[in-house]
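Single chain ahead, by itself, as C-alpha cells, in the form predicted on its own.
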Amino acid sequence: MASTEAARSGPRPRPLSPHLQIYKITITMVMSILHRITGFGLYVGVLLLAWFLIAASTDAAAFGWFSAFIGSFIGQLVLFGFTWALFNHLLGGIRHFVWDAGYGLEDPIRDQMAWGTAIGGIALTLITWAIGYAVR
C-alpha cells in the first residue's frame, strides 16, 4: 500500500550531485590531484631524457644544443620541476601503496601522510639539487 501512495504523489526529486561548493578541499584531495599531474609531468620528462640520449648518441653539435638548453635558466627550471615531480610522485605512490594495504586511513594519519608526501617531495628535491651543485 505504501508503494501505491508514493506513486500517486508523483516522482521524488532526484538528488543533486555533489560539487565543489559542497566539498571542502583537503590536503589528501590536493595531493591526489598533484599525484596525477606529476604523473603526466613524468611523461614529459621522459621526452627530455630521450632528447638527451639521442643527442648524446649522435654528434657534438646535437649534444651542444641539448647542453645549451639544459644549462639555461628555463632548462634548469624544467629539470628542477622534473626532479620535484619524480620525488612527489614516488612518495605519493608509496602513500597509495600503504593505503591499499589498509593502513594509514584513519583521520589524523591520513592527513599526516599527505603532508609528509608534500614536504618530503620538496625536501628530497632540494637535497638532490644541493648535492648536485656540491659535487659539480
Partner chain sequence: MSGKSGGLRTPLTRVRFLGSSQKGTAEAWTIHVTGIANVLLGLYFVWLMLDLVHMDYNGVRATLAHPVPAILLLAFILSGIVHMEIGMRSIVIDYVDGPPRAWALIANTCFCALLGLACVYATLRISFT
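Numbering follows the first chain given and starts at 1. All of these numbers come straight from a predicted model, not from anything done at the bench.
The same protein has a further form, the form predicted together with the partner chain, not shown here; the description that follows concerns it.
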{"item": "Any non-hydrogen atom of residue 50 within 4.5 angstroms of the partner chain in the predicted complex", "value": "yes"}
{"item": "4.5 Å heavy atom contact, residue 63 to the partner chain in the predicted complex", "value": "yes"}
{"item": "Close approach of residue 54 to the partner chain in the predicted complex, 4.5 Å, heavy atom", "value": "yes"}
{"item": "4.5 Å heavy atom contact, residue 112 and the partner chain in the predicted complex", "value": "no"}
{"item": "Partner contacts in the predicted complex for 121-135 (non-hydrogen atom within 4.5 angstroms of the partner chain)", "value": "128, 131, 132, 135"}
